[in-house]
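One chain is shown next in structure tokens, namely the form predicted alone.
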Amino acid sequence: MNDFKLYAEANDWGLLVPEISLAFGALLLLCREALRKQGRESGGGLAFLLQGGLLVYFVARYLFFDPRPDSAGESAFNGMIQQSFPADVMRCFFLGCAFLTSLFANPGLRERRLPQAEFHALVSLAAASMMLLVQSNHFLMLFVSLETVAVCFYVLVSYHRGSPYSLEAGLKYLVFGALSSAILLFGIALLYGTAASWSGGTAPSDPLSFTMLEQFVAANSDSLAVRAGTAFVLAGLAFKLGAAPFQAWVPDVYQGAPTAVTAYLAVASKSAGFVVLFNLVTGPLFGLREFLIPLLSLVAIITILFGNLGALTQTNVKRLMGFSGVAHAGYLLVGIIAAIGMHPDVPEKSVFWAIVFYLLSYSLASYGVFGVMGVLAPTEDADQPRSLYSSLAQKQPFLAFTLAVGLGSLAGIPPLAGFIGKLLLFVVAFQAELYGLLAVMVMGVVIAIYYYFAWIRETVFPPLPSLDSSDKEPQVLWSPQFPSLLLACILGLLTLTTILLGFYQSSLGQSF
């Protein structure tokens, strides 16, 4: 009874007010939708209010109330939740992603007469789950949060239920997701069973706790069972990251999912996975760094080469973004490896700052590109050939400029934010003496410039007339509509921020 009282006293629900607010708001949306009158459309105004309000709260808190980023953070729920300034930064990041996803999805939902309330509820629930995921300090909390995110995305990916592409993408994501969850759970069970049955003095009282498991893994780094369990855990996470050898689902799912969901999956889900991986390899699994560095290096090399070489032959831009997303996952894996093998004189937080800035620049550019794709998408938005963007600069200069800036940032062209992000990863890889991986990264960036600039060339320059008189007359492409004022302002803000962060990022770096 006393133990139960101690457990209850450790449950500080006040630390999770943002997550609880999002979940409660999603429940209210669903209840309102269930009780609304027939024929009356229900939007996502409550979701916008919650996501935007919480986002403003976090930003104001860090700008005006000095959160002391060097503090150790707070632990609650008997160590299952570990809050810190980096985790709070990622909570703010996921709120921003959810807000942009809901905003970009609204026009398509109205046009295709799809339920809006359910969509925004799922986006909010996924954001709350990812916010919990990056605060996890216990494998039980990690698995429950991760599966909640996955269930939300299973529905979101197949949300265009009238589209065979969307249904196919949802089925593929479900199959691969179930497989990865089983692999991850097996790895967790293997680590738990090994630690719980250990007869030595290093057996932890709670083998699922990151804090307790760290000492056990460090003392038993040569154990085959520990290494096997770690390998299975990493394999399960590799699916969420879109990393080799679990990257085959990415192009198909990115193509079939609604464009706004593709952006959410590419940015938020991937970012959550990398933060979790960073917490694991610098925490409970750090004692296995001699085993992890060569294993993750091989995965990173295959991921970078597969993503960039696969994108070279793509004519569908959603599939191209899928393959390029795989390549970006490989670059981020190099940052994770640098965090493990970094020299003791180099602070670990500098590597985390490099990863977070890369994620920020990647999210700004990706949402800019996907935002333009959502505006130009035909009724079946899975079918987006590159020719759809032909001469866009002559028809809609604003959209063409936004697209060019986003693609240039993804390619790492100075002076955009993506260039600084890649430069920071190059620096930490060099400091960690990962010269082979550094060479592969440079090779990947060079290849990426080709396919990104092929898309930009299609957008900016009109196609050359054919010299073959037997060719058919060129098809007259439809004239794209200018986005709504709110959407145009958001796209302009994303573009402006991408440019400004390429020149000035020192104030962000001081936060870490």
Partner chain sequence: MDGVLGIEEYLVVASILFCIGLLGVILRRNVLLILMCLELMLNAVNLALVAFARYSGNMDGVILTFFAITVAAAEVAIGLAILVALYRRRKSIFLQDLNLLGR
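Positions refer to the first chain, counted from 1. In this text the structure is predicted, and so the values were computed from the model without any measurement.
Note that the form predicted together with the partner chain isn't included here; everything after this is about it.
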{"property": "The partner chain contact at I183 in the predicted complex, heavy atom, 4.5 Å", "result": "yes"}
{"property": "Contact test in the predicted complex: G96 vs the partner chain, heavy atoms, 4.5 Å", "result": "no"}
{"property": "4.5 Å heavy atom contact, G236 and the partner chain in the predicted complex", "result": "no"}
{"property": "The partner chain contact in the predicted complex: Q255, any heavy atom under 4.5 Å", "result": "yes"}
{"property": "Interface residue in the predicted complex among P207, G287, G341, P86, criterion: non-hydrogen atom within 4.5 angstroms of the partner chain", "result": "P207"}
{"property": "Position in contact with the partner chain when the complex is considered in the predicted complex, options L309, A248, A218, L179, heavy atoms within 4.5 Å", "result": "L179"}
{"property": "The partner chain in the predicted complex: contacting segment from 163 to 171, 299 to 307, 360 to 368, 265 to 273, heavy atom within 4.5 Å", "result": "163 to 171"}
{"property": "In the predicted complex: members of 132 to 163 within 4.5 Å of the partner chain, any heavy atom", "result": "L140, F143, V144, E147, V151, Y154, V155, S158, R161, G162"}
